[in-house]
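Let's start with one chain on its own, the form predicted on its own, as structure tokens.
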Amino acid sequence: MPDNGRKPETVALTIDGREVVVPKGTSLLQAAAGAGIEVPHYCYHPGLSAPAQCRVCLVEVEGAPKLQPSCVTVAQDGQVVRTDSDEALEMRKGVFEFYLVNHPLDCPICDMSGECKLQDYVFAEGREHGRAHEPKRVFGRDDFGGDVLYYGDRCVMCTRCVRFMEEVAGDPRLTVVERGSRAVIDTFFDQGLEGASFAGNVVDICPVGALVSKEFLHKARAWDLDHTPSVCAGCSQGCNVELHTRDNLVQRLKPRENQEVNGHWMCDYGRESYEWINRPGRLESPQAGRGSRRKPTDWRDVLGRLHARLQELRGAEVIVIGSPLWPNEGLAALDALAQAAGQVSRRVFRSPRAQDEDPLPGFPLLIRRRDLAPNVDGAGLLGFDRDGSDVGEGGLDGVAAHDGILLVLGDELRDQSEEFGASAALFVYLGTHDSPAAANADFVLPVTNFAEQEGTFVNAQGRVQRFQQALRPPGTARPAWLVLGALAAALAGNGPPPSRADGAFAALVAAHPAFAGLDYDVLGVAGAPLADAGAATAAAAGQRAP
């Protein structure tokens, strides 16, 4: 990193005939990658130490007496490097042949097929046919505990998994046992990976199909999955992830690199907390009328009737209940509608919470933050106060008997009685699923969850992060900001409402000083801190669990 504003020192070298300038201390493998040149590698991973033991990243360096492992050879000024010389290609071809002596050719049934680096590298640089006649060794399958299975026959002994558990997780439960062709990865005695909160990452970083997920085993082919940049909704850490989807369902979550938030990793709690996105029984069309009088209708009719009712009650006391599972755009539009409709007396939200936070030693990442929702800080910055209770524990004192306007977004009220909202002059419920407590709602509006729309969350570090739409909404469900924004604009008479997520974000930036200076496009895939992240995070901290 630069010191005192000075630029970092750089070195200039030539790789495959291209002039490359990189910071001093960069490895040849990293320098080549920066120039768009892929050098095969197994043991190297940017988040781990480099033991230079797989021997497939060998390159020719002019003046060196032999081929050099590019993962640990530091780039020098004036170096001339060939990654595709005859000698380097012939050496790598030989190494791949040795790997395939015992590696089973079970690609048709291997979960890693389509993502396997041995498959890719051998296709690009390996021999067309094998020459071994002896039978391959057989180790079989081993259950490492937790969600991890180990296929010893496929292992290329890169030791990424061993180094991850020791260097990153600080929980060295894996090791190499035996030597030579008998070497395998194993756990220490009866201590498997059960309870190791970060163990799922060893599946992510395995370059072949040696380590696989039990939950995902034979579930889908890699080439059938769509990958969408998103943010983990498991807690307020806001780990960057990819949603892997097929058949309009989330099939798995994988970490997405963001050095400011989660590095290369994610915790097992977040990795396993996605089935709620696929939960059936969704609300698919707007409904109007309380109890037995409720009838399905269309958006034009329901918005017209709701607008007329809000006009009749103009100036009434308004209580707003939001959810930190919903993005900033939806919560801001909910607040805008409440202010246009009447006098807002309360804005509250409830968040599921863990008993405590679980830190990862030596890394600025919490395995799980106490708030098990992605937008607690965003809700706080938008003026919502935490209700004293957790979801599922009652609370919302005084709200059930409210006789004015009651607006609810995202909170299913499953812990509330069937009398909730019965005395309200107008009760509007926006959610993904119906609820017994919503029986008294005058209007039930189907809205999309975060995976079915794009928008932003604010994590516990005061970082605003974008996520993209991965799934098609059910029925006629719409993003909450679109529905609420249209109603707020009609009541306030201040022009057309936003029709896209970037417009909804611009509207909340204009209305809420904590977000001042942020631009939706500039956020990109990595997000950006609030202009005064320290002060904003401190202000929102009052909304977090004590």
Partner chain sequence: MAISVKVMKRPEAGRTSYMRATLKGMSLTLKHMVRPDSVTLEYPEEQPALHPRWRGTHRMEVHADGRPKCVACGLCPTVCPANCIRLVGGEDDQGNRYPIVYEIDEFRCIFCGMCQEVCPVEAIHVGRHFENAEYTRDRFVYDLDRLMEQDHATTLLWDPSDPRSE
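Keep in mind that what you see is a predicted model, and the values were worked out from it rather than measured. Numbering follows the first chain given and starts at 1.
Just so it is clear, the following notes concern the form predicted in complex with the partner chain, a form of the same protein that is not shown.
The partner chain is not shown here, and in the model of the complex it never comes within 4.5 Å of any heavy atom of residue 307.
Put simply, residue 109 is close to the partner chain in the model of the complex: some heavy atom of it is within 4.5 Å.
Using a 4.5 angstroms limit between non-hydrogen atoms, residue 223 touches the partner chain in the model of the complex.
In the model of the complex, the partner chain stays beyond 4.5 Å of every heavy atom belonging to residue 427. Remark: of stretches 119-127, 169-177, 342-350, 212-220, the one touching the partner chain in the model of the complex is 212-220 (heavy atom within 4.5 Å). Note on contacts: among 420, 151, 144, 450, the single residue with a heavy atom within 4.5 Å of the partner chain in the model of the complex is 151.
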